[in-house]
Ligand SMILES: C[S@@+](CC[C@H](N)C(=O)[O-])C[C@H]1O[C@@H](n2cnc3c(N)ncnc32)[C@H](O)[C@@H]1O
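In structure tokens, one chain follows: the form predicted alone.
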């Protein structure tokens, strides 16, 4: 059988194809796996992200938001629900993930249908003009974007001056969180539970590696500054298991 795991490829194009194929396999059970693997805490982290986006808007701004790696619309729906007048472009490279979340859009009601636009697109080559959105969000998706610098630069390009990039991502598992128990959970337990829920152990072994290999907050801060972001911040959540990063154009 052909190896279609992201770790099997080095080039940008092949990596993206492999990542999309992996998420297509786990799309039907993706939300269930997230809730179980995070013990439901990911819901609260996403709410924290959405509150930050809402607070960053200036009065009278157009409130056009790009939600990268939108998946099954958890953040997109929350943004449209919480922020009056917001219009959300929900972009994901994996069309089956967007399709798996259609039921959520229907249940959310009319505001979701009229103010959320699903788009199958590549975060490294966004199908939009320079300075065309007022905020960019990405939740637990930046670590799957390769090369990361290109994704950061694209987010900076499409933001209007004064717009903010909001990144919710796991912290570096190199840190000894909870006496090292988090690393044990990440490397040994998470792939097994992911396999039980989705039937795809390879996918969750890969995702665990991406968490383990993701740079420390200080490194990501410098990467954001290197592509032009200013007023960069990094806020620890749950002792550093996750971080909420922001950078302003």
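Positions refer to the first chain, counted from 1. Just so we're clear, the structure is a prediction, and the values are computed from it rather than from any experiment.
The same protein has a further form, the form predicted in complex with this ligand, not shown here; the description that follows concerns it.
K.L.:
Want to guess which of 79-87, 107-115, 122-130, 155-163 is within 4.5 Å of this ligand in the model of the complex, heavy atoms only?
P.N.:
So the stretch in question is 122-130.
K.L.:
Residue 92: heavy atom within 4.5 Å of this ligand in the model of the complex?
P.N.:
Output for residue 92 is yes: heavy atoms within 4.5 Å of this ligand.
K.L.:
Given that this ligand is not shown alongside this chain, does residue 34 nevertheless sit within 4.5 Å of it in the model of the complex, heavy atom to heavy atom?
P.N.:
Residue-level check for residue 34: yes, a contact with this ligand.
K.L.:
Looking in the model of the complex, any heavy atom of residue 141 within 4.5 Å of this ligand?
P.N.:
Yes.
K.L.:
So, in the model of the complex, is residue 30 in contact with this ligand at a 4.5 angstroms heavy atom limit?
P.N.:
It does: once this ligand is placed as it appears in the model of the complex, residue 30 has a heavy atom within 4.5 Å of it.
K.L.:
Tell me, which of 224, 53, 70, 66 has a heavy atom within 4.5 angstroms of this ligand in the model of the complex?
P.N.:
Of the listed residues, the single hit is 70.
K.L.:
For this chain shown on its own, do 16, 23 and 46 all sit within 4.5 Å of this ligand in the model of the complex, going by heavy atoms?
P.N.:
Yes: each residue has a heavy atom within 4.5 Å of the partner.
K.L.:
What residues of 95-117, in sequence order, lie within 4.5 Å of this ligand in the model of the complex by heavy atom?
P.N.:
The stretch touches the partner through 97 alone.
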